[in-house]
Each structure stands twice: as C-alpha cells, then as structure tokens.
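Starting off, we have a lone chain in the form predicted on its own, written out as structure tokens.
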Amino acid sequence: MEHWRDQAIVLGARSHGENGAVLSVLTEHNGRHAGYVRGARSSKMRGILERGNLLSVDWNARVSDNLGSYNVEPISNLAANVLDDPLRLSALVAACRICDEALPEREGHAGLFHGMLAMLEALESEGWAIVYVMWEVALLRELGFSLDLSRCAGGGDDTDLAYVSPKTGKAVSAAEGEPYKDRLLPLPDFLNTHKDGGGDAADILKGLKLTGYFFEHWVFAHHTRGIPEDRLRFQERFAKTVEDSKHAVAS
C-alpha cells in the first residue's frame, strides 16, 4: 500500500463516476498529482475543491502507479478571497490551468508550490498583477525556458533595455533593437532590472503579452490544445481594462 500526506493547491477537478471527481493538485513535496475524491459533488466538497484553495491531502493507492484516492481537509479558502473580482479570479483560474497542463506529473519541487502559494495570496494586494506576471516569468524558468532580462544580447547599453528577442528570450537595448523593433517583444519597465518604476496597467499588459508569447511558442508549442483558453481569456480581460481606462481618461 502506498501512502503520503502533503499540503496542496487545487488545480482542478473533473467529474468521475456518479458522485466523485479526479482531483489535480500541486503539492509541496510530490509535485502535480492526481487522485480520486469520493463525494466530490456534494455542496460542501465542491466549495473545498475550488481552484486555488489550499488543502491537506492524504493520498492512498495499492501501488504507486495507480491513480489512487484522496482524503482532503481544507486549510485556506484562497479562492473565496477573489470571487467578487472577476479579473483577479480570472488570473487565479489561468494560473491553475497553466500549472495543470504544463507541469510534469509527480515531479516534486517545493519551490514551485511555495511560489504559486505566494502569488495566490498576493491576489488580494494592490500590486497583484505585477506579482502575477513575475510568477509567470519564474514558472517559465522552472519549466526550462529562462528569460534573460538583465543585459543586452547584442552588446548594447544594458541600462537602456527595451525589447526581448522572441527567438532567444534575451533582452535587447533600444538602440540595438531599433532596426528590428517590429519583430521584437516590448520589455515592460517593471521587469527591467536597470529601471525603477513601471507597473501601470499598460506596462503590465506588455508583461502578460511577453510571458504569453513564450507560453504559446515554447511551453505549449507541441500541445494539441495549445495555450490554455483560461490564460488567453485572462489576458483579453486585462487588455479590456486597459482600453476602458484609456477611454475613461479621454472622456
């Protein structure tokens, strides 16, 4: 009999059988891991299994390769903190879906768990969107797609970085990138290690487009479904808030 106990972030649950569900979680020590939950369709359990919630989970299986089953206990209802804010809730769902579809199964990495937990907790803060983008940058690095945003790949001025190469993920200075700017990705000021400031809504949207590009073309390039729809939807909603803000200022 195989058994372990861990704390876990709910990534998603899909119905299975008459009253159960297959629960996918990101655990502290056992990586992304799935298991069957009995009674998952009850009103009480549905609230516990909301994406983004923090649980204590007991996993049991006859042999390690089996799906196994979970007994779960709630620790923190993080999803409830953003239910009344559609944009923040969209960010939470996007993060869970990215992890559920991009992370290899059963590969333990405590750093991934704690990084995601910190980001989810930060969704209540004023600067949540910056934290979210920086979390995506960190996740890309953990998945093996590290962005080098500290120096100019073309040997230009490191204090004047303005672009990112879509081929290499390396930063490019304004002068070096000028002839190719139509083919480069804008570098948000808040991700520029040589600048202080940035981080308004338009700058954050640049960050979402930057990480979204590398998720689409690096991480999910060979996935049959491509980048998760929930991530695309979050970026679209954030872009709409930027447009709405512009119209409000103009009027």
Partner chain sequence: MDQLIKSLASLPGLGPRSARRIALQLLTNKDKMLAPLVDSLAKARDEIVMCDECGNLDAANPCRICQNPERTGTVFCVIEDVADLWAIERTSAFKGQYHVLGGVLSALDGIGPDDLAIGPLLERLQKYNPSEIILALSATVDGQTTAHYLTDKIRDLGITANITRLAHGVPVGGELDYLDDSTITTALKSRSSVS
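Positions refer to the first chain, counted from 1. Every value quoted in this text rests on a predicted model; they were computed, and no experiment measured them.
Not pictured, yet referred to below: the form predicted in complex with the partner chain.
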item: Partner-facing stretch of 92-100, 126-134, 139-147, 171-179, counted where any non-hydrogen atom is within 4.5 angstroms of the partner chain in the predicted bound form; value: 92-100
item: In the predicted bound form, Gly111 touching the partner chain (heavy atom, 4.5 Å); value: no
item: 4.5 angstroms heavy atom contact with the partner chain in the predicted bound form for Ile227; value: no
item: The partner chain contact at Asp157 in the predicted bound form, heavy atom, 4.5 Å; value: no
item: Contact label in the predicted bound form: Arg51 to the partner chain, heavy atom within 4.5 Å; value: yes
item: Among the candidates Ala153, Met119, Ala79, Val72, the residue which, in the predicted bound form, approaches the partner chain to within 4.5 Å (heavy atoms); value: Ala79
item: Stretch 162-199 - residues with a heavy atom within 4.5 Å of the partner chain in the predicted bound form; value: none
